[in-house]
Structures are given as structure tokens and as C-alpha cells.
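Listed next as C-alpha cells is one chain, alone, in the form predicted alone.
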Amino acid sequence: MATRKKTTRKKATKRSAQKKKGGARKKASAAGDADIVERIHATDEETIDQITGTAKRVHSSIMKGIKPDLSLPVRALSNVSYSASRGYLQIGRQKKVRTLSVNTVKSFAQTLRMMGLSKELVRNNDFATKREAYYISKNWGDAKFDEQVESDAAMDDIEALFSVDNVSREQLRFFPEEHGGSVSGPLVVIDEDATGQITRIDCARFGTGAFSVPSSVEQLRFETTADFVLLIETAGMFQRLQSHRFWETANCILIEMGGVPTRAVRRFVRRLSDAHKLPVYAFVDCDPYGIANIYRTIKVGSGSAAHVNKFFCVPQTRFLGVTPDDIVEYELPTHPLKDVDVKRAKDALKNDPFFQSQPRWRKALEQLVKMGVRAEQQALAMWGLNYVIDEYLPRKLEHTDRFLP
């Protein structure tokens, strides 16, 4: 009888301890949720402050009888450089000044109305796509846009204007109409919906499917035990690795880029990698497009978007493959380089500041042009459908120090 009481007391003590532990977990989770909300609200307030400050400067100039102006960074290759220390293509100091005049009154007004729309969206915790922003302008009287190309240009201008103060287009609440990349592996994404409800999304529990990166990722927080992130160019290769749970055996997070990755995908990878100090490896085709467009964009950004590369590029990315050396070592089937491929490779060697600063990449591109061929990542299937899982990737991952920069 005494023994039973003792056992009962032990169970009660254990239940009490578990209850306290569970309560502690809930408190920690609630505290984390509160941190997310507070961070989001702080970012929104900063965005509103930047918009309001710019509007006040314009208003002040008008009240003083001075023509107001807006100073925008020049978005041209002549104003772009590669910073090895920062790790991305960055915009230079050249500015173009748009002054209010008889000839610019409409575009000036449209820019200010677009800024006003952004402020309204932030305050209402809402967003607009490019197309929606164009149609909203139909209520702006003489300031309305006649074509979407005009509203897109105005949106680009205010993005460039506020990027100087570290405010991105997504923070201005203008979202692209792009499909997000797929994500699978040991990653929990903590998200907040429009009602403020916090949701935990386990990327390892989608069965044969995968989590899709949302248009805006600023509100996300991450929990992971992964060792690295593996970026994959094609949906087919991602599906193979996902369906065979390669992420489990390699302890990595798989992310499908679907060609040149969208802004949302790049920002997602950047924030995830920064938050957990994760190395990022890119697995793409061995051709000038895969190297000079897809890989270069994820690593250092692009010249045309140099004013926002600091938000979206992932400088810690390294090139796993497929490399020109892989074509030889794995005896891969190839296709001849087209004229456009050769031109793209030569342009990268001659004009791209990133490749010009990387001797190993110059050698690899020159080797590819000399070989006159290209190879797709699916070419590894020549040795068996799962050769990429059983042989290629494990062998490559044993020597990450050899990856191209």
C-alpha cells in the first residue's frame, strides 16, 4: 500500500513537472511570437517614417517657394561595382535628381501618389501587386497611369529612392506576382497571417509535396537543425531529392529555384542563412545561363537591381555543380553550346565585375567555352535515376572546400 502511494506521488510529481515544462514552452513560444509582432511593427513604423519624411521635405520646399525634387540612385551598369568585402554587386554614388517642373508635373505627382498608396498599405497591414497598383491609380484623376509600364516605373523609382535607407519594395507593401520556390527538410517556418495569428509550418511534413515560399518573407522566423541549404535549379531534380528524402540523409534544407530565383526565394534564403549561419550550396546546370544568370543572381545579385542586392543576394552561396570538370570526371552526355551561350560566357568574362574578380571562375568559364558544350544536372541520370542521390551529391559534399566561390 505504501509502495502504491509512493508510486502515485512520483507520477503526480512527474505530471507536475511536465505541466510546468509545458507551461514554460508555451510562455517561450508566446514570447517568441510577441518578438515577431514587435519586429514587424517596428519595421512598418520605420517605413512610414521614411515615406512621411520624404513627403515633408517636398512640402517644405513648396512652402518656401523652392521647386521640390527627388534624388534617385542611377540604375545603370556604369554605376555598379562588385564589393568583395560586402559580397554583392552594389550601386554607386551617382544620383539623378527629378525636379518638379511643367514637363515633370504628372510623373512627379504619380510618384508621390504611389508613395501615399504604400503608406496606406503599411498602415492597413495590406499589400498590392503591380497590376493592382496600376488599377488603383485609375482613381487618381489626372495622376492616373495610362499603361502598367508607367506604374511599374514609378514603383521602381520609389523602391530605388527608399533602398538608400534600407527599405525594400516588399516593406513598401508592393508584392511581385511570382510563384515562390518549394522548400523541404528539417525546417520549421513561423509565420503570421493577416489577422496576427502565428502559425508553425513544418517543412518535413508535406509528404510528397513541399512548402511554397510566400511573396513576402519579412515576417518569417525559422527553427532548424540542418547543416546547410541546398539550392536546386530545376523542379524535376528537386522532386527527385524530395521524394527520396535526401534532406534527411544529408541533414539539409532543399530549396527549388525554378531557374533564376524570384525575389522572395532569394530573400527567404538570405534570411534563413543569416539567422542560423548556414552555408548555402547551389546545384545548377553547367551552362553559361546557369552560371552567369542563375548562380550569379543568387550570390551577388544583378547589375540592373544593384540598388536592392543588399536585401536579396546570398553572398555565402558556393557553387556545388555541375562544373566543367564534372563533365569530364563523370563522363556526362552534353549538348553543343549555342551562339547565345558563348556570347553570354564572353560577356561575363569581359563585363561582369564578379567573374572578373574570381580567377577560378574565369578559368571555369574559359574552359567551358573551349570545350564548346554544356551539361544539364539531369545528365547524371545516365548512370542511374538515383545516381545523383547515391553517388554524385555525397561525393561532392565530402569536399565543400573545393566548391567554386
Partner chain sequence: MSKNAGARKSAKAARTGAKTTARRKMARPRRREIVAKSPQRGAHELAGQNREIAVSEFFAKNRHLLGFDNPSKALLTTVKELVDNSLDAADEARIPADVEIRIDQLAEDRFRVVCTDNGPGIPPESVPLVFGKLLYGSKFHRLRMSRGQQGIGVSAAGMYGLMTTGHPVRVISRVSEHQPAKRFEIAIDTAKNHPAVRKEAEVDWPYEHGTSVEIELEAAYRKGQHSVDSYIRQISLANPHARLVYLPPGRETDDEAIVYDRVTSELPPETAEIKPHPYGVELGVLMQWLRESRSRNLSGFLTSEFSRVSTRTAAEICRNANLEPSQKPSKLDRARAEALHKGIAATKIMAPPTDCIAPIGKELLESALQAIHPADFATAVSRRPTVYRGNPFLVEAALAYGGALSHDDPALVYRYANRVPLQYQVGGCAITRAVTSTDWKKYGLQQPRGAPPLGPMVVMVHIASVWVPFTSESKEAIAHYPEIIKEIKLALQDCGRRLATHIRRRKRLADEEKKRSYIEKYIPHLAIALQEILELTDKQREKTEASLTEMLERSRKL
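Positions refer to the first chain, counted from 1. Note that the structure is a prediction, hence the values are computed from the model and not measured.
If you look for the form predicted in complex with its partner chain, you will not find it shown, but the lines that follow are about it.
K.L.:
Heavy atoms within 4.5 Å of its partner chain in the predicted bound form: which of the stretches 275-283, 86-94, 152-160, 106-114 has them?
P.N.:
One stretch meets the cut-off, namely 106-114.
K.L.:
Considering its partner chain in the predicted bound form, which of 122, 143, 292, 250 comes within 4.5 Å of it through any heavy atom?
P.N.:
None of the others qualify; the residue that does is 143.
K.L.:
Identify, from the list 357, 43, 367, 52, the residue with a heavy atom within 4.5 Å of its partner chain in the predicted bound form.
P.N.:
The option sitting close enough to the partner is 52.
K.L.:
For residue 225, is any heavy atom within 4.5 Å of its partner chain in the predicted bound form, or not?
P.N.:
No - in the predicted bound form, heavy atoms of residue 225 and its partner chain never come within 4.5 Å of each other.
K.L.:
Flag residue 63 as yes or no: does it have a non-hydrogen atom within 4.5 angstroms of any non-hydrogen atom of its partner chain in the predicted bound form?
P.N.:
Heavy-atom contact with its partner chain at 4.5 Å: present for residue 63.
K.L.:
If you check in the predicted bound form, is residue 58 within 4.5 Å of its partner chain, heavy atoms only?
P.N.:
Taking the distances in the predicted bound form, the answer for residue 58 is yes, it comes within 4.5 Å of its partner chain.
K.L.:
Do residue 305 and its partner chain come within 4.5 Å of each other in the predicted bound form, heavy atoms counted?
P.N.:
Looking in the predicted bound form, residue contacts with its partner chain do not include residue 305, since no heavy atom lies within 4.5 Å.
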